[in-house]
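What follows is one chain in structure tokens, specifically the form predicted alone.
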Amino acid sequence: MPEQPPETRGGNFKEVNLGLEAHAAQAEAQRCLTCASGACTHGCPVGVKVREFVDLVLAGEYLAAAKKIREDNVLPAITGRVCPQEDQCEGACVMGRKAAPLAIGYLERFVADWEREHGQVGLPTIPPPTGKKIAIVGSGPAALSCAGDLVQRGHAVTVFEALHEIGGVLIYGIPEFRLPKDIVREEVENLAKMGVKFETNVVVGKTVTLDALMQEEGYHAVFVATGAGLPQFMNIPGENLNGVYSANEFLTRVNLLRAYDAGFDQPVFDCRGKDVVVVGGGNVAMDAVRTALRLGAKNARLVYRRSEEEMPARKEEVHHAKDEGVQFMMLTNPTAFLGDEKGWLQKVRCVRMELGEADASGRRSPKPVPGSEFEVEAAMAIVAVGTTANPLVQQTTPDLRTRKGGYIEAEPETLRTSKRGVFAGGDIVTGAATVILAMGAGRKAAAGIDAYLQSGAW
């Protein structure tokens, strides 16, 4: 994959990966073994027909390839950029047993970019209306995937978003240099062309309830896909100091309020020429530390309590971060944020860690090394240690059963909840996961909703 040189991309928010040219896509498509197992499709949470779309790429039928992908995945330009293919379709690729697996994600991105650059969109055929109305709460990947499947079944779909722009985590959570916002907007527009309606600035749970949507506005079913956007902190001293952010707030301010754009008032702490510490080892932490670097941080440090081997972040993102100059402090954990008399962050107190026995996740549990505490200069700290369920819908829907952490309970196969006509999926059910897993939940919910609307059985 061609990419911006590290020495230049660390100072801008332009996309790092530049995309394949047609000749490179053709050469890659030729590597497909066209095996009969279909392991790649089985490894995809939304079931993209990989071999069929790769065959169309090989034939030079790029628009048809895009249409084939959209039968199962309505956001190919997005998943081609941010999906962890190495753990899914590419991880299942038979060729990967003896060589590099087929670059399915790069080919998916190529097809989606080709149709956009040529002003054509391979949209699927929409059947006649069924007369059924579905409300979708939230506009992240689970919501958009569900909406795309439901309109392809002839249902009328309206997506309700609390913020002023559609896209959920795709808009406010993933940085511009990994996923340009114009890409998200164009994919949303494609859904609108398919018939999906969108309403912004509607806070379901506050401005309207689920009961009102169903009883007063006549929706036959509701899919709740509000995500897990409530940030977690570490419960250590100093978290209320000025300059300490959750990754959720930091990335939302940068992405949605365009702090990276010189034409806008910067709605985050000015970290130019200052030291920034990001706590965590996942993709969100990687996004935050690389964003801080681009905002002008003198030193952008990633503090993670395990070793690099245990980091859940994508290997490509780790590689890019290192190339750009991010400093990795492994086997290190903050114990306190230290500030001045005016309440501004000055330093982060840390302790060295060592790995013990494996925990429930299969990773070795870190434990502090006695007497190893030290301090790191920091004018800004970003905590990226996880999120929990958004609570608004649950708080105003007492008959919606939840489990520990406020996550909504849903049947695994149909995604039905305890409330008749209400389905839920994505991070609000499973906890924070990947874009493509949320999209898989959206597809499963669409199938469950369609079956319910046809049979009426609950």
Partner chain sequence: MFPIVQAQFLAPDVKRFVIEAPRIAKAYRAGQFVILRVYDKGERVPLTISEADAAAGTIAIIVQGVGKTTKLLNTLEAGQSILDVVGPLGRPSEIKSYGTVVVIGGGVGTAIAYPTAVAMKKAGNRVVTILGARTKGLLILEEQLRSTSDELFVMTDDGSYGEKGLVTRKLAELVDGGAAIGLVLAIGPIPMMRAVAEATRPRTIHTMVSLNPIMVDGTGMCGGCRVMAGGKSQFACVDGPEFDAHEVDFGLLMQRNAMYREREKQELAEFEAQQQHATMCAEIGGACKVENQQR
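Positions refer to the first chain, counted from 1. Predicted model, so just to flag it, every value in this text is computed and none were measured.
One more form of this protein exists, namely the form predicted together with its partner chain; it is left out here, but the text below deals with it.
Q: Is its partner chain in the model of the complex near all of 177, 182 and 295, within 4.5 Å of a heavy atom of each?
A: The answer is no: none of the three residues contacts the partner (heavy atom, 4.5 Å cut-off).
Q: Answer with one of 309, 117, 357, 217: the residue that has a non-hydrogen atom within 4.5 Å of its partner chain in the model of the complex.
A: Only one listed residue qualifies here, and that residue is 217.
Q: Which one, 326, 92, 385, 268, lies within 4.5 Å of its partner chain in the model of the complex by heavy atoms?
A: None of the others qualify; the residue that does is 268.
Q: Please name which of the stretches 256-264, 313-321, 77-85, 363-371 has residues with heavy atoms lying within 4.5 Å of its partner chain in the model of the complex.
A: It is 256-264 that comes within 4.5 Å of the partner.
Q: Considering non-hydrogen atoms and a 4.5 Å limit, does its partner chain approach residue 242 in the model of the complex?
A: Residue-level check for residue 242: yes, a contact with its partner chain.
Q: Should residue 229 be counted as a contact of its partner chain in the model of the complex, where contact means heavy atoms within 4.5 Å?
A: Because a heavy atom of residue 229 falls inside 4.5 Å of its partner chain in the model of the complex, the answer is yes.
Q: Wondering, does residue 330 line up within 4.5 Å of its partner chain in the model of the complex on heavy atoms?
A: Contact with its partner chain, no.
Q: Even though its partner chain is not shown here, does residue 97 get within 4.5 Å of it in the model of the complex, heavy atoms only?
A: Outside the cut-off, so no.
Q: Does anything in 328-362 come within 4.5 Å of its partner chain in the model of the complex by heavy atoms, and if so which residues, in order?
A: Those in contact are 342, 343, 344.
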